[in-house]
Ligand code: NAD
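Okay, here we've got a single chain as structure tokens, the form predicted alone, with questions on binding and movement later.
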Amino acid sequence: MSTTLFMESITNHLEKLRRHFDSGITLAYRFRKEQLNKLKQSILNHEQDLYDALYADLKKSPEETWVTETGMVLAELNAAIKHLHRWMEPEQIATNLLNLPSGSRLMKEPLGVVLIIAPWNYPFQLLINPLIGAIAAGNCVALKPSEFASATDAVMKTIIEDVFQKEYILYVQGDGASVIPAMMNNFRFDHVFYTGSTAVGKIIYKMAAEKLVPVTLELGGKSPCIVESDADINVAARRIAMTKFNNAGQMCVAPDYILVHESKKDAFITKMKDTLRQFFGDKPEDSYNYGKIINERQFDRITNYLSQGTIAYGGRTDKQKLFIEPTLLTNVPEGSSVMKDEIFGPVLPIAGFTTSDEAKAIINKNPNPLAFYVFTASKKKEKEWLETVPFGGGCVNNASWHLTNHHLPFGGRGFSGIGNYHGKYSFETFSHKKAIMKTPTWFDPNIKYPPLKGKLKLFKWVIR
């Protein structure tokens, strides 16, 4: 299909989404709940297909897939189905003295036609979780999955098109670099939700700004992990290794580098080595529990980091298998690219610190990380770290798992993103809160009306 014909076709499909939304069919509670149940059943019908596809794309085991992809999505669906009625109800708000006896409330209305753009690292979860919020809020949706996780892309297309009409949920495949501009430049969405790199996020933001389209940007960044002098090293090593090397390190909230107190540095590195052997064995490429890099482009990018420090553990690679061994780097220069870029792979720089100011100086070189983690037994240190480092979200004595709690909003700040979602927060992201004040007619005092002369003292008493 020529570029012109493609643009005409996609624009026609998007206009059908607009007409479907304008019909009002998506507004009713019963309709929204029915669509969420349809989505849930379609996912369950294709559960094995998702296991097979995610193994093909990223070598994820069924267990890992359940925890980080399908199970996580189903938990979000269950919460949305259970709480949808309450989320949709108008929210009663206090009324100030000036406007009594009026009543005030917030009505939640859908934004309209929204675009959701997902990445390849958690291709199912990061496309479907926002979709749950968009459906719950009553929108029509255009979905753009990543073309790089092609097996999962194909299964998701089936899951969506088995149960939804294209004028309600439109699944758009193809090269993101051409498809997304074709959509955004030729149609005005009511909201764009993007998950991916900061560099591409800036492009999405700029295109959206041209039409004053609001955005949610779920980006990345260098998420630091502090291991204090009083930390439980055994627990810290296990919890850091678990999340850093999940999905072969291709996770936006993975600890990107470790700053460990000098008094614990050697012990921590030793324990990390032991832990990695326990988790993945001496040949991680054959491990049931260890994934692979998504493609050769990412493989080449990540392997460039291996020469930027001393390899304390790991370092083996196999391009044919898209395998990079879990790797610990020490003696890494602060100005090296591995300490400036988001690594997004199984390479973990470890550096020591003696004072919190020294560690904060390193963190401040990459401000506003998506996540921040601190391991400490001290409430005082915990408070200091959490209050003095700006970040999106994080954990104390854990890493990355805050992402799985749908009662917490998930999102970044500054360079790591705009807005948040998960659970009720997804519903709110795809809703507009419409402020309403209702005033009775039985009370209509003349004091509010001209002439106003001589009423200043009264106004000062009422408006304060």
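In this text, residue numbers run from 1 along the sequence as written. What you see is a predicted model; the values in this text were computed from it and never measured.
The protein also exists as the form predicted in complex with the ligand; that form is not presented, and the subsequent description refers to it.
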query	finding
Candidate site 299, 315 and 346: all three near the ligand in the predicted bound form by heavy atom within 4.5 Å	no
Partner proximity in the predicted bound form: residue 144 to the ligand, non-hydrogen atom cutoff 4.5 Å	yes
Interface membership of residue 158, the ligand in the predicted bound form, 4.5 Å heavy atom rule	no
Contact of residue 119 with the ligand in the predicted bound form (heavy atom, 4.5 Å)	yes
Close approach of residue 197 to the ligand in the predicted bound form, 4.5 Å, heavy atom	yes
The ligand: the contacting residue among 386, 362, 267, 203 in the predicted bound form [heavy atom, 4.5 Å]	203
Sole residue of 153, 325, 342, 167 within 4.5 Å of the ligand in the predicted bound form, by heavy atom	342
Option from 237 to 245, 96 to 104, 213 to 221, 352 to 360 whose residues, in the predicted bound form, bring a heavy atom within 4.5 Å of the ligand	213 to 221
Stretch 259 to 284 - residues with a heavy atom within 4.5 Å of the ligand in the predicted bound form	none
